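Next up is one chain by itself, shown in C-alpha cells, the form predicted on its own.
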Amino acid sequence: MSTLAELRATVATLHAELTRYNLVSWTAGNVSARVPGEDLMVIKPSGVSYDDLGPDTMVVTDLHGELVEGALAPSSDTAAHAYVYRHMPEVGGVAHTHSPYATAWAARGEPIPCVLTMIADEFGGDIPVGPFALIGDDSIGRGIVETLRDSRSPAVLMAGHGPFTVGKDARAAVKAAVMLEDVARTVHFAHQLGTPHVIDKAHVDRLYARYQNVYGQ
C-alpha cells in the first residue's frame, strides 16, 4: 500500500511537469506508472483539469485497463498504456502529450531525423513514426509496441495523433517527452534554414552509449 501511495503522489506530481513545459492543453495528455511486482498501473483520470489533479484523484487499473481503485474513470488512453505494459516488461512508465512541435511531425507522418547530438544521446537515432490508430481500444498500444520494438528511441510519433514516450519509470517517460519537444522544435527551425545534416551512425552509436552509460552522477 505504501508503494501504491507513493506512485499516486509521483504520477500526480509528474502531470505538473507536462503543464510546466507546455506539453499539453486543457485536459489532454496523461502519465502512468507500472506498480512494481503487480499487474497494475496508476494513471490520470479522464477529462479532469490539471489544477484538480492530486494523489487522491489518480486511479489504479489492471493491465487490461479495468478499474481497480479510484472514484473516477481512467484516461481515454488507458488501453494503450496497458498494452505497452503487457508487451514491454522493461517499461515502468508511459507519457502521452500533444506537444505542438512533436505533434506537428506526427501530423506530417515524418520521423524526426537524428541531426543533433541531443537526439543521438536520448533517442539513439531517428525518432520513429507509428501508424494511425483510433482511440478507444488497444490499437494505439499495438502501434507503439510494434514501432519501438526495433528502435532504441523511447519516443514514438503516432501518425495523426501525437507523441507517446516510455521509460524505466514514469519520470523517465516524462523526461523523454520534454526532450522530444525540445528537439522537435529545433529540427523544425533547422528545416526553415535548409536541409540539416544527419549524423553518421557510428557517431550516433558512440554518443548514445556515452550518454546512457557514462553521463551524469
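Here the structure is a predicted model, which means the values were calculated and not measured. Position 1 is the first residue in the sequence shown; the rest follow in order.
There is another form of this protein, the form predicted in complex with a further copy of the same chain, and it is not shown here; the text below is about that form.
Next on the checklist: Is Gly136 near a further copy of the same chain? Define near as a heavy atom within 4.5 Å, in the predicted bound form.
Outcome noted: Contact check for Gly136: yes, within 4.5 Å of a further copy of the same chain in the predicted bound form.
Next on the checklist: If we define contact as a non-hydrogen atom of the residue within 4.5 angstroms of the partner, is Thr147 a contact of a further copy of the same chain in the predicted bound form?
Outcome noted: Answer no; every heavy atom of Thr147 is more than 4.5 Å from a further copy of the same chain in the predicted bound form.
Checklist entry - Taking heavy atoms only, is Val24 within 4.5 angstroms of a further copy of the same chain in the predicted bound form? => result Answer yes; at least one heavy atom of Val24 falls within 4.5 Å of a further copy of the same chain in the predicted bound form.
Checklist entry - Closest heavy atom of His203 to a further copy of the same chain in the predicted bound form, within 4.5 Å or not? => result Yes - in the predicted bound form, heavy atoms of His203 and a further copy of the same chain come within 4.5 Å of each other.
Next on the checklist: Counting any non-hydrogen atom inside 4.5 Å, which residue from His188, His64, Arg152, Lys168 sits next to a further copy of the same chain in the predicted bound form?
Outcome noted: The residue from His188, His64, Arg152, Lys168 that makes the contact is His188.
Checklist entry - Relative to a further copy of the same chain in the predicted bound form, which residues of 154 to 189 have a heavy atom no more than 4.5 Å away? => result The stretch touches the partner through Gly160, His161, Arg171, Val174, Lys175, Val178, Met179, Asp182, Arg185, Thr186, His188, Phe189.
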